[in-house]
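A lone chain, given as structure tokens: the form predicted on its own.
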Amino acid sequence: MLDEGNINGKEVRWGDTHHPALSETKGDYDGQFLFINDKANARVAVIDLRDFETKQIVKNPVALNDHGGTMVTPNTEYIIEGGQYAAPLGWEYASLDDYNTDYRGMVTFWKFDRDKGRIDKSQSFAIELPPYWQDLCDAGKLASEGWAFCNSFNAERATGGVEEGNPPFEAGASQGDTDYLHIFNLKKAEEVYKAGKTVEVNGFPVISLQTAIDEGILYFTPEPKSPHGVDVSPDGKFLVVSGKLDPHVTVYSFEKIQKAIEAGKWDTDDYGVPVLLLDDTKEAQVEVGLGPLHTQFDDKGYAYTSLFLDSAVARWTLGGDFADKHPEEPWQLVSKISVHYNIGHLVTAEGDTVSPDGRYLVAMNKWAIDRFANVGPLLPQNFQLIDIDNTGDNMQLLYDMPIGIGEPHYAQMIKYDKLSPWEVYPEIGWDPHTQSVDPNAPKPGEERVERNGKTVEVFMTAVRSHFTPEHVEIEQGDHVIWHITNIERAYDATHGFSVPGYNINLSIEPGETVTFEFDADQPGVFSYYCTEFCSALHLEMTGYLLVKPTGTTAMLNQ
């Protein structure tokens, strides 16, 4: 499964994960699957929430980087993977002198087969975009279902090069007053793809930029400069965009966008993409504070925006159908609550769905400031839990939680009762990758070591506190195929299996069967043992792998 994510034959075992997204049914979380993107390598992973294990990693054949994933359409028909830094499609070489002509952006729509629990590459496609740097995306819902939206930055098409006397990227990409909100008619794009009106890039179907324009798939409208996220309101009628260098959130009306498209009232960018006028698409602007980034929603008609520079969360009122849910005027800042860090993302309970729960918000903070003991230069990141269950300005900080892992980026919060994970695998001998019984699964009483020439196959079981067999004797140069079944049926009875010196370490959950292979190129005595504390006799759960040096048998015969 990990090899599926290799790139041009090169093994890649790390990723820069950014945006997890839960599967949805009718715009609400259904607790079945989880998706996450890898910005560094333009990959998408599929996680099955029955056992919380990754089942698939898909490498994008069009782009080297991504960022705008992995938001899903309301029934998880598609997983959206937006691009990031413009480059020639298919990772080809082109000089930066030819940036405007040879560099491009992209967005990919991965078709998801819910029955198989896998992305169906054969039913997926991408859309070529101008060489602006696409950022976060979101899918339309309810009123805007069938459409998708991505923001962008660097509409200036800066290419950096301070060593050559050019403005640095952070200045060059921020010179203009606005960037472009990308508006996609996804339903039309799907029709165009199915009609075969695509070109191929690395064997993958791509709707060309010109086709996207001609077929009415792609539109732009100005957005605050240097934005970082577009968030669709629960009813699908409004889109919220924050520009990091603008103290406002800008609210767009999907109805106004449709009217502007129908009226054919637009300018065009340098590539011929229709640019709808801001005054024709904007519903409101709300001044929330310095460094606005991301917005979430509750069930009382409020929106919540993270303020990186203010180190605060702003609460403001939605208009439209939400106006009767709160006493304040629509499109107004109501209050702020300080967080004790520079906040990046934030999440409210089911705040990305058609039916937010309200009650709680988590501030996901990027900088640790004066709150925890010094543990060296690499400090823990921090979450803060905020009670948002009341109207008006009554938000309350409840809890600080340091997390000793990487920078928290994005999250979604699902009600626990929507999840139905297994406590143990359904049957002994279960293969989590296929979600079925492995026909090669070792069974109690049938443990053995079989030799076929220079290939040795081991069939082992694990139970507290015993591996069977306890002795495996092979020869240097053998190719080893090793199967292990954890025959436990008890909750949380996980076993580990490690062979030091051979880079082997496994976690085997109750009922699970795993298979691994290696070449016995090192002679010697290797003690394998359980690496998961499993009982009072955990330390005794061990065995010996004996690898005879080449020629040992012949010497003994002499």
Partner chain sequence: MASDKLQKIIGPRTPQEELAQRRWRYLWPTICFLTAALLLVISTFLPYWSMILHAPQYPKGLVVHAYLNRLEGDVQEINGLNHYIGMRPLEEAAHFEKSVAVFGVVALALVVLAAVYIHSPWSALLTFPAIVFPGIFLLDLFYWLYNFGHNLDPHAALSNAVKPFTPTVLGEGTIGQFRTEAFADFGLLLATAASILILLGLYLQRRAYKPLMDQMVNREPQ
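All values derive from a computational prediction rather than experimental measurement. Positions refer to the first chain, counted from 1.
Below, we turn to the form predicted in complex with its partner chain, even though it does not appear here.
- Across the options 486-494, 29-37, 44-52, 64-72, residues that bring heavy atoms within 4.5 Å of its partner chain in the predicted complex belong to 486-494.
- When contacts are judged by a 4.5 Å heavy atom cut-off, K259 does not count as touching its partner chain in the predicted complex.
- Using a 4.5 angstroms limit between non-hydrogen atoms, E450 is distant from its partner chain in the predicted complex.
- Contact annotation: L539 falls outside 4.5 Å of its partner chain in the predicted complex, judged by heavy atom distances.
- Using a 4.5 angstroms limit between non-hydrogen atoms, S465 touches its partner chain in the predicted complex.
- Interface residue among E200, D324, D98, E423 relative to its partner chain in the predicted complex, by the heavy atom within 4.5 Å criterion: E423.
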